[in-house]
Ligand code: ARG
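The chain below stands alone and is given as structure tokens, in the form predicted on its own.
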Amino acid sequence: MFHQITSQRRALLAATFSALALVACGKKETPPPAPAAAAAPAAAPSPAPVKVYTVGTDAAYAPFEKMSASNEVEGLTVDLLKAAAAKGGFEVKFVNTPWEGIFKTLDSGERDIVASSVTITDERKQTMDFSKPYFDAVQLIAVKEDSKVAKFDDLKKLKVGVQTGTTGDEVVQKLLGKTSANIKRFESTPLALQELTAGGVSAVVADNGVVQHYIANNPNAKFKSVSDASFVAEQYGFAVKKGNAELLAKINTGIDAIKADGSYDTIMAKYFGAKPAAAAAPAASAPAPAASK
């Protein structure tokens, strides 16, 4: 009897273990949770767009500012400001703008910069700010080859052509009088020089670079130039609205950079030729070709 019970218990236990084994075999293990996906790296911030400034230029002042065959403003002034802008971290867009009224476009906001061979004067500093000087200039007298004009005082009784509002206009006013009928004013220096060809004026007073360029490129006009010791050396710069210190700093940074890396000299040589090698004891010479208004 004892043996029979024991056998039954053994059979029951065996059946129980078998059932448990079957349950264990049929259980699915839960896979471990997948690791959390790594956070996507933050996108790098987009670089700030380069600011583009609108530049007013009276493009009738070759070789400094003129219109190209494709109707684009070009010239030495354009090349200089573009090079300075690249170094100063900004861009420029040139717009042909008549000289008369060009400075008003700074106050109105139509132009951010005036780059038009502008002479730096104390009077102009009252209403606008200037960059560092980037060019030296001096006035010059243009007359016909057979003219007897030899100095500035010789113009006292003659009709003289000037571009309105330029420093040439100012010096002639001092000689002839502000309201003198002998002063004939034109919208551009080339127009004044054309009037000299036609005989409407006996002389034109303007910046030496423009006068020399015109004489060299118009040999049939048969002009000559006359300098005078009374003409004061001038400097010109890029003009901005009064108080625009941020833009002024960018321009000055660019001017310093192109003078330091040789770009300035390369641009000057493009229009006026390379500087002659300095002599040990250079003699006094005429000012290098330049221009200002």
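A residue's number is simply how far along the shown sequence it sits, counting from 1. These numbers come from a predicted model, not from an experiment.
Only in words, not in the display: the form predicted in complex with the ligand, which the text now covers.
In short, of 159 to 167, 172 to 180, 68 to 76, 191 to 199 it is 159 to 167 that has heavy atoms within 4.5 Å of the ligand in the predicted complex. Contact with the ligand in the predicted complex, judged by any heavy atom within 4.5 Å, is made by just one of 87, 185, 124, 132: 124. Interface residue among 94, 214, 99, 223, judged by heavy atoms within 4.5 Å of the ligand in the predicted complex: 99.
Heavy atoms of residue 118 reach within 4.5 Å of the ligand in the predicted complex, making it an interface residue. Though the partner is left out of this view, residue 238 does not reach within 4.5 Å of the ligand in the predicted complex, counting heavy atoms only.
Of all the residues from 53 to 79, those having a non-hydrogen atom no more than 4.5 Å from the ligand in the predicted complex are 58, 61, 65.
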